[in-house]
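Single chain ahead, by itself, as structure tokens, in the form predicted on its own.
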């Protein structure tokens, strides 16, 4: 980025597929979070979304060919000056042209001159995504350092469904931010691995209306699942009460409610996993008796409710893990008279016996219900790494680095 403009410079390439309409939402998200965005559509993309729309939302001119504004040499300059290139949607044709070094329009020429991170978000029919030619092109782009997202599964055009759907614009925007924070955050180093991640907060019913719960939004667990999937892993996400979060692309989601349901789902999922990350906030206690009817307020204090201790899922997963399996726990801590956050984190690591423990300081807008996170990564080998404040995807990438090093 230039000294005169401190906002990250992003090139948003748009290829000619029906999913091009979603690029408008991605453009809005990128510009509203402070990025300077130049849209580079292909000529066929402009058949789906008009140039005026891209110009109005980006505030910058839009061209498709290399002969517009020739004196400024945009087909060279744009790529050279970019901090990030995102291509969404990336059609089978666009991936093929990028893989083979074509430079027959402004977008592909800019891809050749870019030396910044490049993120492709594919969108096409399942048969096209799974064709050997497309798979070879994707592998070639990844070998050269580009990030090619795994597409989502779902409704395509017509009545077709399956893998090949463009990931949600919010997810693409999150990964774009991650690559701006850390350009090497998404190596394809979990390919062939299977991982299980838990996310969200369990709820223990008091009656049909009320429950005992916690403030976990599930964002950190979802970031862990999303980053693992885009680093090549086969991911199962066990999710507790995260209805407001969209399912990450290329991730199998299992939904649960209570701590005991979470335990059952985790035990069933982890048998053949290479790594397990317990990011969910599990309620420590549950009511012994759940009222069948709503507990009325009445005129006096409510009757005391007996509580039972919920299973310690993390400790059980550690005890039953198979050889070579890496287990990661999370600890949301506050300091008290007996010690600070790290003191309690170290004690929990020793008590649980997991390989890695992420320790978050909570309270005062930290960790829960916010977009960013920070903390420490403690290892059973005595290692301690500070995780500086950044997106939850950034923290997730650091956790997976440590897991990969131990696999």
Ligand code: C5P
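No experiment lies behind these values; they were computed from the predicted model shown. Numbering follows the first chain given and starts at 1.
There is another form of this protein, the form predicted together with the ligand, and it is not shown here; the text below is about that form.
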Heavy atom to heavy atom, is residue 348 within 4.5 Å of the ligand in the predicted bound form? yes
* May I ask you to state whether residue 280 is within 4.5 Å of the ligand in the predicted bound form, using heavy atom distances? => yes
_Although the partner isn't part of this model, could you tell me whether residue 326 comes within 4.5 Å of the ligand in the predicted bound form, counting any heavy atom of the residue?_
no
Please tell me whether any heavy atom belonging to residue 312 falls inside 4.5 Å of a heavy atom of the ligand, as the geometry stands in the predicted bound form. yes
Even though the ligand is not shown here, does it sit in the predicted bound form so that 284, 330 and 352 each have a heavy atom within 4.5 Å? yes
Assert contact_stretch over 168-176, 184-192, 145-153, 272-280 against the ligand in the predicted bound form, heavy atom within 4.5 Å, equals 272-280
